[in-house]
Ligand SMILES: O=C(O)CCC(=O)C(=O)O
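The chain that follows stands alone, in the form predicted on its own, written as C-alpha cells.
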C-alpha cells in the first residue's frame, strides 16, 4: 500500500474517519456509496429530463483565466451527448465545474444518502449539508489543473459516475510546485517540464483513479490535479474542522486573498464559537461561486 494514500473497501465509522483525518493523508473509500440512487440513476438522460429552466455557469478549457458561459441544463447535456457520440468534432464542450447544484435543484438530494456525510462532518454541517455541495459534470479529457482548495478546507469528494484520475501532492511539497495566484500550480503533473521546474523533480505525487461509487478524502492543503477519463458526475464538500479553519485563517498571512480570510472567519464563528448556521449561510454562500 502506498504510504501516502490509504485505501479501504467500503465505508468506515465516524470514529475511524476521525482517526484517518488525523493522519493527514488522503483516503479512498472504495464503493462506499455504490448503493446510492444517484449512482444507479444519474446519467445524461436523467439530467436532460429534469424540469429546470435556470441558467448554469459552465467553464471553458482554461479554468483559471478562461471565459464562462451560461446555458440551460438541457442545452449543456446536449453538448455533452454530441461530444460523446463524436458529432461535435474535436471541440470539447464546456465544463460544469463547482456549481451549487443542490441549491438550484433541491430534489436531487433525494437521490443521495446523508448517512456518511453527517457521520463524517462536524455537527454544523449536518442539517443542511447539501447547501455546501459543489457539483461537476464532465467528459473524457476535462481537467482541473494542479491546485489546493483556497480556504485550506478538507475536501470530501463523491464520485457518482465514471472515473476521475487524481494526482495528489501533500502540502509540505507545495513549494516545489511553483504556485501562482495563491493556489494554482504552474506544473502539469502529466507532462512536467523539469528544465523549467527543477524543484518538481523532488515531488512524489500519488496517482489514484476514483471510480463511480467511491469517496475520496483530501485533507487540508492537499494539492490535486483532476482529469476525467470518461463521462463523469461527481460532487464534493469543502469543509472545516477546528484545526483546518485555523490554518485557513492563518493562510492570509501566507499570501491568501483578503476575501479568503472573510470566509474562513465565518467558519471560525461556526466551528469554534458555534454560531448557528442560519446566521452564517447568507454571508458564506457566495463562496460556492468564488475562485481565488
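Quick caveat, the model's predicted, so the values are computed rather than measured. Positions refer to the first chain, counted from 1.
The next section is about a form of this same protein that is not shown, the form predicted in complex with this ligand.
Quiz item: According to a 4.5 angstroms non-hydrogen atom cut-off, is residue 38 in contact with this ligand in the predicted bound form?
Solution: Because no heavy atom of residue 38 falls inside 4.5 Å of this ligand in the predicted bound form, the answer is no.
Quiz item: Even though this ligand is not shown here, does residue 132 get within 4.5 Å of it in the predicted bound form, heavy atoms only?
Solution: No, residue 132 sits far enough from this ligand in the predicted bound form that none of its heavy atoms falls within 4.5 Å.
Quiz prompt | Proximity of residue 236 to this ligand in the predicted bound form, heavy atoms at 4.5 Å | solution = Answer yes; at least one heavy atom of residue 236 falls within 4.5 Å of this ligand in the predicted bound form.
Self-check item: Partner proximity in the predicted bound form: residue 155 to this ligand, non-hydrogen atom cutoff 4.5 Å
Solution: Close contact exists here: in the predicted bound form, residue 155 approaches this ligand to within 4.5 Å, heavy atoms only.
Self-check item: Proximity to this ligand in the predicted bound form, single hit among 76, 120, 95, 125 (heavy atom within 4.5 Å)
Solution: Of the listed residues, the single hit is 95.
Quiz item: Though this ligand is not shown, can you say which of 81, 149, 186, 211 has a heavy atom within 4.5 Å of it in the predicted bound form?
Solution: Checked against the cut-off, the match is 149.
Quiz item: Within 4.5 Å of this ligand in the predicted bound form, do we find a heavy atom from each of 136, 164 and 226?
Solution: Yes, because 136, 164 and 226 each have a heavy atom that approaches this ligand to within 4.5 Å in the predicted bound form.
Exercise. Can you check 84-92, 188-196, 136-144, 108-116 and let me know which stretch has heavy atoms within 4.5 Å of this ligand in the predicted bound form?
Key: Among the listed stretches, the partner-contacting one is 136-144.
Quiz item: Who in 182-198 is close to this ligand in the predicted bound form, meaning a heavy atom within 4.5 Å?
Solution: Stretch hits: zero.
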